[in-house]
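Coming up is one lone chain in structure tokens, specifically the form predicted alone.
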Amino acid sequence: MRNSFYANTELIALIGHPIKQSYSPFIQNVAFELVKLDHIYLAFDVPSDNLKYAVSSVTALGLKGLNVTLPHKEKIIRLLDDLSEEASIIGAVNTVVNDHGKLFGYNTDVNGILESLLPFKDEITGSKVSVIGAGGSARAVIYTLIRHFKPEELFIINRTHQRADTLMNYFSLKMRYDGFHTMELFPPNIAGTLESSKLIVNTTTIGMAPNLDDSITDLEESFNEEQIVFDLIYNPAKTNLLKLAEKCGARVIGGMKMLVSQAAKSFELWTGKKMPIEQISKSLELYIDEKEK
């Protein structure tokens, strides 16, 4: 990794709270080196009260752009000048480009979700799917599923019924989709819904480091060998949810492919260049293995 920077080095930042679990700085900085760009990517822990100051610093300091993660993906929208079509419909932003002082918001999570699920498109289309959570990541998942996979039924399962209902009503109107159902996240009650779903997607932080023992369910009857279970969490690489689903015969997808695919799209928006995805994925695997020793 480079250890020298200059007055014309371009800065791109990641903002969120908390932030220390992120692999994005590693991914982007390795990509900048491989493509030989004089850029640096830094992570900043920004509590919600400081979001507006962090965003104003992008133009004040001339940053090239931002990545945005929890809990800012929805709140940042009101601080931007314009949005891509996807970000506008989803109502959440994870990438910001500074174009001569104008801030444009994008949602590259869509690209990561799409790339992760494309191998299973024929199975997902016309089937029943369950999405756990109702935050910014859930919005990107729901948008991608409706736009690209067209499931027959889509269950939103969340801690609070009201937030799930709000999301259902929003996308019913925005995308003219009438296959929604909602329910609260109580493991004994959701087992039947999960078990009958072809695809289950966890968009919550339940099971993310450092809370490795947590899971949305510990009921084996929630899973079967006909299913695909996708957890957006990438740290750890395999959550307790995925371990249990795999034990029950389901095919599982961790969040690492999504992480790299969405990062590649962000990289392209900032630089106009393609990220060397294969090299980045291999470097990231080695980096994680080294950290875990």
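Everything numeric in this text was worked out from a predicted model, so none of it was measured. Start at 1 with the first residue shown and count on from there.
This protein has a second form, the form predicted together with a small molecule, left out of what is shown; the following refers to that one.
Asks: Only one of 201 to 209, 76 to 84, 144 to 152, 99 to 107 has heavy atoms within 4.5 Å of the small molecule in the predicted complex; I'd like to know which.
Replies: Only one stretch passes the 4.5 Å heavy-atom test: 201 to 209.
Asks: Name the single residue among 95, 197, 222, 137 that comes within 4.5 Å of the small molecule in the predicted complex, judging by heavy atoms.
Replies: Checking each option against the small molecule in the predicted complex, the one that comes within 4.5 Å is 137.
Asks: Heavy atom within 4.5 Å of the small molecule in the predicted complex: which of 233, 229, 31, 58 fits that? Just give me the one.
Replies: By the 4.5 Å criterion, the partner-contacting residue is 233.
Asks: Is it the case that residue 160, even though its partner is missing from this view, gets within 4.5 Å of the small molecule in the predicted complex, heavy atoms only?
Replies: Residue-level check for residue 160: yes, a contact with the small molecule.
Asks: Tell me, yes or no, whether residue 70 is in contact with the small molecule in the predicted complex, where a contact means a heavy atom of each within 4.5 Å.
Replies: Yes, residue 70 is a contact residue.
Asks: If we define contact as a non-hydrogen atom of the residue within 4.5 angstroms of the partner, is residue 255 a contact of the small molecule in the predicted complex?
Replies: Residue-level check for residue 255: yes, a contact with the small molecule.
Asks: Might residue 168 be said to contact the small molecule in the predicted complex, defining contact as any heavy atom within 4.5 Å?
Replies: No.
Asks: Look at the candidate spot formed by 14, 16 and 111 and say whether the small molecule comes within 4.5 Å of a heavy atom in all three of them in the predicted complex.
Replies: So, no: the whole triplet misses the small molecule.
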